[in-house]
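Encoded as structure tokens, the following chain is the form predicted on its own, with no partner shown.
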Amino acid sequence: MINQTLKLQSIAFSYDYRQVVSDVSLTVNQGEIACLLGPSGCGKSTLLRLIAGFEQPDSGCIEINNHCVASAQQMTPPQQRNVGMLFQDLALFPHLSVAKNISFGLQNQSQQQQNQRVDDVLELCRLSEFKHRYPHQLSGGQRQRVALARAMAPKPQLILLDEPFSSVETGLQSELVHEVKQMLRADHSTALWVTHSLEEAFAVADQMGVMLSGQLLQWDTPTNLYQKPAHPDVVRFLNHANLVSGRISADGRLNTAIGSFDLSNKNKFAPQQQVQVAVNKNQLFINPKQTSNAVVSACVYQGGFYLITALLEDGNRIKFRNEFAIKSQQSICIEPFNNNQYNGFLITE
């Protein structure tokens, strides 16, 4: 039986009558790393504050290890939730050594237990040689690992990471992402990781979701989120596919400017309805043997491939990857590589 460490049921929260989180439900199983993706101001950090106990939901229930810790009627204090949190600014104590920073949350243990756990976490996070240094004597990446070690030290049921690498230089972020993932895995930690970085989320997540304007649009595996987006705004945020529009034919297929598509959910639509599908930029190619259906408007080298932007006959723009450069204003025929089933989204005016 799978143990659910975190369960959110229809969580809603407002600041000064402004809805910040709206009807959010998700689960994170024990030992998983889950990621919440979304732009700044979408409500994802507020959701972490609700889980940690810094805010109280207006409605819904937050469960940690099958115990309701927050609802509109009850509120378990943060210190009683057994939740660790890694803040954006790290919040290390500048006057304490690395070892003292890490042991800060272990005050209820004996000195021997504290020393053993600190040594274990220092070794796990490859910080043993920095044990007696102070935060100002460390690099940005080392300070990041100290903050994670401090969050992990009490062995919380859940660790919350709020944009953990926002203050780290770009070149170091990718390396740190993989290091932190390995540390969490090695300590069998359960984590909810908030980020706006697609690369970061796909690198670590067992489950992930896209949050926009306070709503969780989809909570799924990374593969399903990428290959089977459940909402057009998920497609726009991931920016990996084109939204191609057309009309439903009498046989339930979607006729578009780049061909006809078989829909997995065609029973939801009636003939002549306007519908769109997400077509990955890697699933399109140029067919030189067919009549043109687009005109190239831009060709940009992206390192190893060219990103082509073309204007379709129906007036919509489409982007795809191509091995070779194509001159602007050249007429081409764009087609999908295969005839997979696609999930259709109804276009509402």
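In this text the structure is predicted, and so the values were computed from the model without any measurement. All residue numbers refer to positions in the sequence shown, first residue = 1.
Keep in mind that the form predicted together with adenosine-5'-diphosphate is not shown, yet the notes after this line are about it.
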Legend entry - Partner proximity in the predicted bound form: S40 to adenosine-5'-diphosphate, non-hydrogen atom cutoff 4.5 Å: yes
Inset, instruction - Spell out, yes or no, whether the shortest heavy atom distance between A12 and adenosine-5'-diphosphate in the predicted bound form is within 4.5 Å. - result: no
Legend entry - Contact label in the predicted bound form: V20 to adenosine-5'-diphosphate, heavy atom within 4.5 Å: yes
Legend entry - 4.5 Å heavy atom contact, T46 to adenosine-5'-diphosphate in the predicted bound form: yes
Legend entry - Stretch in contact in the predicted bound form with adenosine-5'-diphosphate, which is absent here, among 32-40, 60-68, 306-314, 280-288 (heavy atoms within 4.5 Å): 32-40
